[in-house]
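A single chain, nothing else alongside it, follows as structure tokens in the form predicted on its own.
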């Protein structure tokens, strides 16, 4: 189902704004914030989930506390131009647990991945033993993140 923000009313947007900032909020507290009854709020949340506006809920983990001190952005250029082969490579790439995000991009490279490893040695191993051996990789460019200045999953939604 294709949806757009124009099909949402002020209350739907208010619900989304609260949930993206506080995913663990109780339905009762959410209903107080958006000025609806708890059953009406729950019905709206379920509809927003069913229509795909809410794609899931997750805890945001502190990767450094969990020993993942290395974050890298890796650009990948493919030498392949056959759909089946590209799909095969991408399936392998996105299945790697080190890969947190993968984007098809414009420019000099075809894809950009965000990779988390415990240290530089683990990153080197990932690149040398897992990434480079993938068939059809023409070249890669790696940038190590020194400091994250902003990390958010919150979208800039209009004021309700």
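Residue numbers count along the first chain shown, from 1. Keep in mind it's a predicted model, so treat the numbers as computed, not measured.
Quick note: we don't show the form predicted together with the DNA, though the next part is all about it.
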- Message: Please pick out the stretch from 126 to 134, 110 to 118, 34 to 42, 90 to 98 that is in contact with the DNA in the predicted bound form, where contact means heavy atoms within 4.5 Å.
- Response: 34 to 42
- Message: Although the partner isn't part of this model, could you tell me whether residue 28 comes within 4.5 Å of the DNA in the predicted bound form, counting any heavy atom of the residue?
- Response: yes
- residue 46 near the DNA in the predicted bound form, any heavy atom under 4.5 Å? yes
- residue 10, heavy atom within 4.5 angstroms of the DNA in the predicted bound form: no
